[in-house]
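Read the single chain below, which is given as structure tokens and is the form predicted on its own.
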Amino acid sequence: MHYTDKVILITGASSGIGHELALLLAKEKARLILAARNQAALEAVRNQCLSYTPWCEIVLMDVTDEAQVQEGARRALQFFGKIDVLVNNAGVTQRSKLIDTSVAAVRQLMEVNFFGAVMLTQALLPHFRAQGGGQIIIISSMAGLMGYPWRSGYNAAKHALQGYFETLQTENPIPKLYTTIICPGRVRTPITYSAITANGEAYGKMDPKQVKGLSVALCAQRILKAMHKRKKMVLIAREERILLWFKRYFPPLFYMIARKGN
């Protein structure tokens, strides 16, 4: 299979898309390195992955802490001597109105969703250059392509991801380094439980619209397919895709619909 024996580092691997993608890659007999903050949850995912592949390691990493990111990258490289694929998946969403949201909360959203991916990518780019290439997967969002109510800081962070990693694609500093930007819409994961509110606290409940999102299994399958094909950018969405089309071709209709959203 495509990723058999490939070394793959996945951040945010303890739940949601990261967890599901880890299982799919384990079934391809990849050599996995799973990163997140929650050791118990990571170990549970590792145990599941070990049912399919004999190689699965974990690294505790808070992607907002530069020292932890640097140390995590160093340790990850020690496990198998290389990294073929980096999946920047760690992220946190938001549920608060822009006018009520503190600057501290916006900074927190930027640190997790944007700077975490930037710091880990920068830490590994010298390795990718030395080995002559590799693959970077960015789990962005449809929120990186349009503004949407109650997600101001999250939207900003995902827009920043788009700009940064599209620049990596266009500069192409390492000819055989392939970068794929994934833009999911709503996916049925527990992400809204830890969503940041106006003062930086956790939202603590499931968003009803999130429950109606795409299944995480289907989302992960589409991500894996995009990885196989080394796509530049992939949209994985239903209603959000239509809303993006309105934004591009019928802006007044986009703003009318988006203002009613939550």
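The first residue of the shown sequence is 1; numbering continues from there. For clarity, every value in this text was computed on a predicted model and none was experimentally measured.
What follows is about the form predicted in complex with a small molecule, which we do not show.
For the residues G81, P190, P126, P175, the 4.5 Å heavy atom test against the small molecule in the predicted complex is passed only by P190. Interface residue among E57, D207, E28, D62, judged by heavy atoms within 4.5 Å of the small molecule in the predicted complex: D62.
Heavy atoms of C49 never reach within 4.5 Å of the small molecule in the predicted complex, leaving it off the interface. With a 4.5 Å cutoff on heavy atoms, L243 does not count as touching the small molecule in the predicted complex; it lies far away. Of the heavy atoms in A237, none are within 4.5 Å of the small molecule in the predicted complex. The closest heavy atom approach of A220 to the small molecule in the predicted complex falls outside 4.5 Å. Note on the interface: of 167-175, 97-105, 180-188, 71-79, the segment with non-hydrogen atoms within 4.5 angstroms of the small molecule in the predicted complex is 180-188.
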